[in-house]
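Take a look at this single chain in structure tokens; it is the form predicted alone.
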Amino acid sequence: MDNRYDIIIIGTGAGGGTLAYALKDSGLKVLILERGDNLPQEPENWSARATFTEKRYKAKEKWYDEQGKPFAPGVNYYVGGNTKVYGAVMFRLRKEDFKEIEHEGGRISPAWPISYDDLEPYYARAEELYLVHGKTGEDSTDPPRSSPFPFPAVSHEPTIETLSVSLKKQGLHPSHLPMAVDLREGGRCIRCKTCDGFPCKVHAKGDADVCCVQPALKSSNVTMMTNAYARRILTDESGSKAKAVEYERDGKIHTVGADTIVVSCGAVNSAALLLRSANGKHPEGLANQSGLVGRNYMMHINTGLVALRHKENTTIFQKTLTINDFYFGTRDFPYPMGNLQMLGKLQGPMMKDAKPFVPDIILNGVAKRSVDWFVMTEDLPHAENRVTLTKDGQIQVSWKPNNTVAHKKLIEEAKKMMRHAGYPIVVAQPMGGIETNSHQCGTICFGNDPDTSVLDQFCRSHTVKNLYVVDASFFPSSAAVNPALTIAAQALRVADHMLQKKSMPASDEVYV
């Protein structure tokens, strides 16, 4: 066994990276295990062809659907996790998202075991940590805030400003997107067109690597091991306490122990790790007495909306505008529909996967004239949407969207508003499918009842008392906004809980 630690964190994304940052000055000896390496700063970071066509930064592995057919998942194994290529949008969940909500068809989005007020101070801390720029008072669905955004909103460029004015004339409430980018005075951001789906060549994106992991590693208490793939979590003989992580590095198997183990691998890989960690005391997977590990997998229902007119769109940094007027429905459709937000400015190669037979010259021409939207509807939890393992231990994902009527209604509203804004051609392109899982969540949900949840409200396993899961796995519902800020806020909350328990007398409750 390698050296022993107080805490092992497996993963460096919005959950694990933020938690490591929050514990860096605690005096606890922390080891971070990351299966990937540092993402290189290189010219290809800003190449649409390298990033989207060649998929240079996408994981080179296969998962399997419920029929056993392989597919390439949309995951990225680097320090910082998927935040290295995310769109840098950091919404708070709406206050109502923490409560039970009825959707079209009588479907239910379940309540969370915590309220918005429980998470609000941690939202504020996470916004400051991740350099979130925004503006209060524009969006009627915004939850109450104890403080304003730490940085002013990213301004609209002329085409988007004109569009915003047009949308206001339609009676809508266009708002500035909450963006995690370094546009502070003297900051790194140059407002390029490669924020959405690209790595940032100048480290100006508010990602978990730049904002959390790098500062954490400056502490003598924090160590990181890259290219270290966590195979299993081992328990003591009673099965009630996790004692070590078995990991693979350079083709060799190692074991490292800790008093507390935190899983932050992403909703699919975290569930897979717990399932791989089955033993005599946990025959169905570690901490899986409820049978819910891997179940209720969610990842949003997404569509790209391309609005065209003859005049060129000269916008470079397009991710500045959002619409939430349809989030909770309308008078004609009184059920939640979801969120509309600008995509990063499309380039021809970014559309090649969806339109492989369309010549590049046409795709490039479309991209020059388009205004591009991301249409996002809540994916509701369903027990048969789940992560399992094949007989030989490979990841298998079963998923079917279940809130499609509301999504179609939102697309209709988006098309109507853009036509009224002077864009006669509006085309919708589905962005979902089992391989598109950038907002994956829900496979190891938290709650107060051990029979209906895997984790407690502080993301600690009900049955393995020193095991935590801190990533979007804990979400009981997906809401209809980007999950990154909520993951980071809960990680800060979990860290505070751990530190409050640090002074307790030695027992199996230490650090939990």
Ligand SMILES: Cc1cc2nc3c(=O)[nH]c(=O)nc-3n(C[C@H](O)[C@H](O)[C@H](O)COP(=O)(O)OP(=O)(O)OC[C@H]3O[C@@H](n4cnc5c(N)ncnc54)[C@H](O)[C@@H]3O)c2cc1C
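Just so it is clear, the model here is predicted, and its values are computed rather than measured. Note that residue numbering begins at 1 and tracks the sequence as displayed.
What comes next is about the form predicted together with this ligand, which does not appear here.
In summary, the region of this chain contacting this ligand in the predicted bound form, judged by heavy atoms within 4.5 Å and restricted to 481-489, 450-458, 22-30, 64-72, corresponds to 481-489. The listed set G329, G257, G197, P113 contains one residue whose heavy atoms approach this ligand in the predicted bound form to within 4.5 Å, identified as G197.
The contact residue chosen from H407, K319, R92, H133 relative to this ligand in the predicted bound form is K319, the criterion being a non-hydrogen atom within 4.5 angstroms.
Although the partner is absent here, A472 lies within 4.5 Å of this ligand in the predicted bound form, judged by heavy atoms.
Heavy atoms of R276 reach within 4.5 Å of this ligand in the predicted bound form, making it an interface residue. Mapping the unseen interface onto this chain, A228 counts among the residues with a heavy atom inside 4.5 Å of this ligand in the predicted bound form.
Taking the partner from elsewhere, I10 is found to have a heavy atom lying within 4.5 Å of this ligand in the predicted bound form. For the partner-free chain shown, L33, E34, R35, G36 of 23-44 come within 4.5 angstroms of this ligand in the predicted bound form, judged by any non-hydrogen atom.
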